[in-house]
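One chain comes next, on its own, written as structure tokens: the form predicted alone.
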């Protein structure tokens, strides 16, 4: 098996339609005909677009879990023990077990919500973030940034299930949320351990994390206002190893992304 498998060699069947992250956010099948459409309202049952948004988000969770499984699996294999300690690989193998379970749960939840595999597009950015050659950057970009986003998404979907009277959605999202907190905490702990003697390497890894966080705040998708479909889950992020300053920075990046989207929309007319 080759190390550092490129994204275009990932195995998918004919049901999957890949797209870039920007095109994915603008895909009309995702209910996002314009960039601002993704940030037009908080995900609440009383809103007319909420069911379609929830189904699109559920499909996004599903493909994200596949890529999280693939990314964690690659980290167990791509690096020598000198670059990635065996104990880190064991943690990544444990995460693979979790992600495989999440894929199965997400498939069933998609069916429960009336969505089929391939109904919405797949962006492969999560796996691409897992292709960087430095394991510290993988931990910051995937386990801290993207799994951190998963904390926000799962908490939002859990609350949506509770508000809409769907105990199946609420229970499943709560179950997966608990796993995501451990995944982010593993990333936080291992990032500190790998870069303990190399502050420059830690700084580069955290800058990569900020880049990923800003990208996934595209158009205000995630934030802390009524205009953000996905709400930042501060308490769960704290449990996962984020301090208040880090969470504030993520919220600021989300606000900046929303402001940028509004400016582009105004210029477009």
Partner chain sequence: MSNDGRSPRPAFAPWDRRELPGLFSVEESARRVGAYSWVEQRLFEALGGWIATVPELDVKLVLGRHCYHHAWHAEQFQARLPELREMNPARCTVPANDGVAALLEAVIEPEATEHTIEKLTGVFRVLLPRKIAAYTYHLNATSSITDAPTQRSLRFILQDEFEDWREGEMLLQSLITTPEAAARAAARAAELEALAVAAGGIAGPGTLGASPTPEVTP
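Positions refer to the first chain, counted from 1. Note that the structure is predicted; figures quoted are calculated from it, not measured.
Just so it is clear, the following notes concern the form predicted in complex with its partner chain, a form of the same protein that is not shown.
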item	value
One residue of 89, 170, 108, 185 in contact with its partner chain, assessed in the model of the complex (non-hydrogen atom, 4.5 angstroms)	89
Contacting member of 149, 96, 177, 191, with respect to its partner chain in the model of the complex [4.5 Å, heavy atom]	96
Partner-proximal stretch of 70-78, 195-203, 162-170, 108-116 relative to its partner chain in the model of the complex, 4.5 angstroms, heavy atom	70-78
In the model of the complex, residue 137 touching its partner chain (heavy atom, 4.5 Å)	no
Partner contact for residue 245 in the model of the complex: its partner chain, 4.5 angstroms, heavy atom	no
In the model of the complex, residue 221 touching its partner chain (heavy atom, 4.5 Å)	no
Residue 100 within 4.5 Å of its partner chain in the model of the complex, heavy atoms	yes
